[in-house]
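Before any questions on binding or motion, here is one chain by itself as structure tokens, the form predicted on its own.
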């Protein structure tokens, strides 16, 4: 199993991926600067929460209604405002989001909870009827999966940091192997720190386990770690459909990504990108730019409503202040950090921002200061985002082709064989 705290962080990462991709459709692919995207997240949250908790609607109906209400909200604000550009559209959407937040505060508490928020919304766990024998194996498999993903991201992060530092150091001292030296120093520092702290870093990841004897017999207890391998086949694991939650969220993210990819290669998707590049030229080609922009805005808002509905059934409490201006800024940072016009960039940006805010929590009041400083450094050295407008697969393919060309160029016999082929 996975620590419940980090389980929530992983689920929030997946929700924020959908939320970030929805804004990327509007900002990255269409060039419409929206600062009120948190308003559509609030529509999804409160619609699904109120319908399922107060009126007893089924989960699927609440989520579907959240999407419909988000589309209606997009039409209300989008039809008059998408004729605006730049700062004017940003101000209009920001005002729309603030109106929604104030309405959620003012409506009777028995409907939306008032300023204190809603906390009687059923979790996804209540809607997942999974047989207990499947839980133990499923939890173990997903624990192994996320462990592999964790270490893959850790290795990639160290390698990216070493590559970045090599480019800086090479301006002064030219040497092609700084990258490997930096990676070795980082790994050595982690090993030394782990031994100096008596295995604290290891326990921070895998936890400490011991047997606890009580009225229910002896059982294994994990403490503080992220990945609880030794709880995977215990009574607690068989009683928890944690793996089903992960599987459900991953499937939803995969479906949303598939829909967006197909949309972007369709005629409306290509028209939206053409409008971003030159709206006057797109109009001269016969495109109805207002309708295309509104259609794209509705699609992005619908995905934000879906993310809001998933959020309502994931966190135990949500209140109007969770959807203020700073929430819109957070998702904007996720889009810009990952790269505008890149779907996989939205994955990277949403994951980094979500995890970074929690990883820096030990700094206390200095957390937001360090968070802002890291983002400033990102924007200075990577102003176009980590992936720019390219997809992760394209970057990997380019790196692989460059590496192959270097190998072929360094080996004349290999080059001649390649030419003969």
Partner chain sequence: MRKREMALQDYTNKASMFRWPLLIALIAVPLVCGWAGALFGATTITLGTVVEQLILGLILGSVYALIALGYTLVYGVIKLINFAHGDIYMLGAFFGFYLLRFMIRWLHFTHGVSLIWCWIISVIISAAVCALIAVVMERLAYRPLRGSSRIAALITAVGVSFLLENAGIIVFGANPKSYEPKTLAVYQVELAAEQSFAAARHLEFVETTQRELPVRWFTDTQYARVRLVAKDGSSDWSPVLEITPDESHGYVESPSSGEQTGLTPPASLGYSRKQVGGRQEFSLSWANAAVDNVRMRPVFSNDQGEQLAVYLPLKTAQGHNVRVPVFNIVIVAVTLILLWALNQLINRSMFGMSMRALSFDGDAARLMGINTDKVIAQTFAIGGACAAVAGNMVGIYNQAIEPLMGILPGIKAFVAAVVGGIGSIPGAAVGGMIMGISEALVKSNIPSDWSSMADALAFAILIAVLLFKPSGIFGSAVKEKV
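Whichever C-alpha set is largest while still superposing within 1.5 Å between the two forms counts as the rigid core. What you see is a predicted model, and the numbers here were worked out from it, not measured in a lab. Positions refer to the first chain, counted from 1.
This next part talks about the form predicted in complex with its partner chain, which is not shown.
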{"item": "Heavy atom contact within 4.5 Å of its partner chain in the predicted bound form, the stretch among 390-398, 55-63, 366-374, 38-46", "value": "366-374"}
{"item": "Non-hydrogen atom within 4.5 Å of its partner chain in the predicted bound form for each of 33, 87 and 91", "value": "yes"}
{"item": "Listed residue that, although its partner chain is not shown, lies within 4.5 Å of it in the predicted bound form (heavy atoms), from 99, 145, 251, 154", "value": "99"}
{"item": "Partner-contacting position among 291, 325, 180, 175 - heavy atom within 4.5 Å of its partner chain in the predicted bound form", "value": "325"}
{"item": "Partner contact for residue 379 in the predicted bound form: its partner chain, 4.5 angstroms, heavy atom", "value": "yes"}
{"item": "Residue 95: touches its partner chain in the predicted bound form, heavy atom cutoff 4.5 angstroms", "value": "yes"}
{"item": "Contact test in the predicted bound form: residue 316 vs its partner chain, heavy atoms, 4.5 Å", "value": "no"}
{"item": "Its partner chain contact in the predicted bound form: residue 81, any heavy atom under 4.5 Å", "value": "yes"}
{"item": "Within 4.5 Å of its partner chain in the predicted bound form: residues from 336-352 (heavy atom criterion)", "value": "336, 340"}
{"item": "Residue 65 C-alpha relocation of at least 2 Å between this form and the one not shown, rigid core basis", "value": "no"}
{"item": "Rigid core superposed: residue 33 CA moves 2 Å or more between this form and the one not shown", "value": "no"}
{"item": "Per-residue C-alpha change between this form and the one not shown, residue 375, threshold 2 Å, rigid core fit", "value": "yes"}
